[in-house]
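Presented below, as structure tokens, is a lone chain in the form predicted alone.
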């Protein structure tokens, strides 16, 4: 028998043995929306946990973007083929809470209690877990990838144009004008426009986006984001577009390439782009800073709110598998895992211990400004207007806001008429949600 044959036979026998060991473990299906390098890190979390467990096997599967994964999970539940864990972005929280009330969700606080695992909510950052607790302050889903929008900037381009990093919207406009005069074709842009320029603009200036504490207090909430402050803000951006200072680049992260290739020097989007930027940006110096302040609305910023997603547990499986889910959640929350995730992605650490570990490891010294997101979220104690948003059918409402804002950027509507229409259309969906879940 040749050496090659012996090696092949050995590898095959190891593979068979590994498969047999995995088959003996409780199988847990985990559906997520993390593609690319983020997906690879999720796979690493699962494989590391599996390697250290004698009884559990986490099978992580990428199911598309946030909307696609949530849609797939709901369809699978209706068919009785649901995963144990599904990753749902923050705008799906109210929908998942309604599902919890109908028995479709296994709340995290009860999961950990039933598994006999010590679970201390106070270990988690208040700005993160407040988004995902019920009225009795019980945590319903596990925070996993939480971020907040920041102002990314091309320092090399700003220096060449002779302008400082802007801190107010007046300064953003002035900087964009100087950048354009210096030859930049798309000085300013952003992504996730409802999240960055309606939801976070409102929270940053302590303005309610809706009644009933932005939907936290009851399902009777009604949108109010067609107020003068938001209307004037959106109209300012539209006027900047007319002057060639702003160029719209798409709904999610579509305009990322504009920033990476140097066409755009000021870009508002998630802090979680940091990991990719470190790899992809080699031609200029970049940085991040806090969101700009509209000084005509507030004298100082309040706090930003999170985006990203949490891990929801779906009901309908056996208890030994749920014990594995609880152990996996405990593993994910450990400071070592969270510090690694935070430092390599730009997502905020979900626990205070992970933040402290990152400081001890010197991360904020070697990678300056990477604590911007954490500072924004914890700038002040959240108010009813800045705690976050919790609206039924908000995935669809965001689509409405996108449509109306795109009409503004295209010059088909002014900001007032577009936001009035978005509020009217959004409120109609809120009433349908209330009727179905009230």
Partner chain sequence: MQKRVVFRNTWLPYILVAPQILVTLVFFFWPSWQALESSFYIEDAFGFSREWVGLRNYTELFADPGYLKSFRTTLIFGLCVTFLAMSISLALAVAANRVLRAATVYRTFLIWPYAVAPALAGVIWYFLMNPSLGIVSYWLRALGYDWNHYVNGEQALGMVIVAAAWKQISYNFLFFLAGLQSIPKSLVEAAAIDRAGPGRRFWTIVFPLLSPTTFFLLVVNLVYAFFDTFSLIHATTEGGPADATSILVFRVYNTGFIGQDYGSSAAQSVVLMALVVAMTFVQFRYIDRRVNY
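Predicted, not measured: the structure shown is a model, and the values here were computed from it. Numbering follows the first chain given and starts at 1.
In what follows, reference is made to the form predicted in complex with the partner chain, a form of this protein that is not presented.
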Q. Based on heavy atom distances of at most 4.5 Å to the partner chain in the predicted complex, which listed stretch, 50-58, 392-400, 35-43, 367-375, is the contact stretch?
A. 392-400
Q. Among the candidate residues 170, 263, 327, 212, which is the single one with a non-hydrogen atom no more than 4.5 Å from the partner chain in the predicted complex?
A. 263
Q.
Please identify the residue among 205, 233, 186, 84 with any heavy atom within 4.5 Å of the partner chain in the predicted complex.
A. 186
**Q.** Residue contact check: residue 359 to the partner chain in the predicted complex, 4.5 Å heavy atom
**A.** no
Q. How about residue 181: is it within 4.5 Å of the partner chain in the predicted complex, going by heavy atoms?
A. no
Q.
Would you classify residue 407 as touching the partner chain in the predicted complex, given a 4.5 Å non-hydrogen atom cut-off?
A. yes
Q) Any of the heavy atoms of residue 249 lying within 4.5 Å of the partner chain in the predicted complex? A) yes
Q.
If you apply a 4.5 angstroms heavy atom cut-off, which residues in 51-77 are near the partner chain in the predicted complex?
A. 67, 68, 70, 71, 74, 77
